[in-house]
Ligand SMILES: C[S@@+](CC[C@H](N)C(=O)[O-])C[C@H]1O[C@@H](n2cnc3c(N)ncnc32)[C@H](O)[C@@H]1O
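Below you'll find only one chain, the form predicted alone, shown as structure tokens.
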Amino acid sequence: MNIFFIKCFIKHYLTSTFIDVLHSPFVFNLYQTCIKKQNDKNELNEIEFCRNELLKDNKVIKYIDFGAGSNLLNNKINKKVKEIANSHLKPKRIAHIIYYIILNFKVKNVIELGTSLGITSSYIAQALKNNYKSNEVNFTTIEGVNEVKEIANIQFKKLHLSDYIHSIEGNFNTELHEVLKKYKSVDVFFVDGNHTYEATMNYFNLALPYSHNDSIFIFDDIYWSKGMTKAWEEIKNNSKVLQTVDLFFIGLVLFRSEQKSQHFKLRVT
């Protein structure tokens, strides 16, 4: 049991802001259009069908854990796909928020660290597809485990999203630097892997020069550990970061110069 996570959740619940007392028009709009629960769409139900299939998949693959707490000398294990799905896939509610951010802010250039089995990647790609042709967007997702990446690619094909996704395998620490060279700027940067302080700060600092006024950086599991929370606080205090929205499960980082510097805590209901 993660006692630190539970304590942070209770604190967040007691200190978070209700939407009716928000005084920022932009964040209010962000809440109404992206964070507030929206009606389900058929296209998203298709992605959820893939999730449900993965949660029942008994296929065994070689799995390597590159994340926090892993033992790199002895971390290759046999694991069922359904076990990976159960522990690593983003909940539907969080995937919906990311989808609506991509959709409503007309995002074109996206990088995701941590493809996993491809469900959140599919949400991102579907939002891109709703707004643009495939040659108008640049979406790269990086996964560290080849067999996991291949299962994700199967989901992309099932959902007819492959043309919108550049899926690569590799270590985030080396691949991110190479991927960024192919971008002039990044609209959305989603970090969902290697949940350590050092890695998170490294990814943030590498991507920061590619941010612009309307960029949104999204960090997963900001209260997973003391190290992740330390990284979140340092990111909030960076001079280039002007607003943040703390949803507990994920943190949104904004760079909007037309607004005053402000940090929000909102409940995901």
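Computed from a predicted model, the values in this text were never measured in an experiment. Start at 1 and count along the sequence shown; that's the residue number.
Below, we refer to the form predicted together with the ligand, which is not included among the displayed structures.
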Between the options 158, 93, 88, 166, which residue brings a heavy atom to within 4.5 Å of the ligand in the predicted complex? 88
Classify residue 63 as contacting or not contacting the ligand in the predicted complex by the rule of any non-hydrogen atom within 4.5 angstroms, answering yes or no. yes
Can you tell me if residue 140 lies within 4.5 angstroms of the ligand in the predicted complex, counting non-hydrogen atoms only? no
Answer for residue 135 alone: is it within 4.5 Å of the ligand in the predicted complex, judged on heavy atom distances? no
Though only this chain appears here, would residue 189 touch the ligand in the predicted complex if you measure heavy atom gaps against 4.5 Å? no
Which single stretch, out of 125-133, 177-185, 193-201, 100-108, brings residue heavy atoms within 4.5 Å of the ligand in the predicted complex? 193-201
Hey, which residues along 93-116 are within 4.5 angstroms of the ligand in the predicted complex, non-hydrogen atoms only? 112, 114, 115, 116
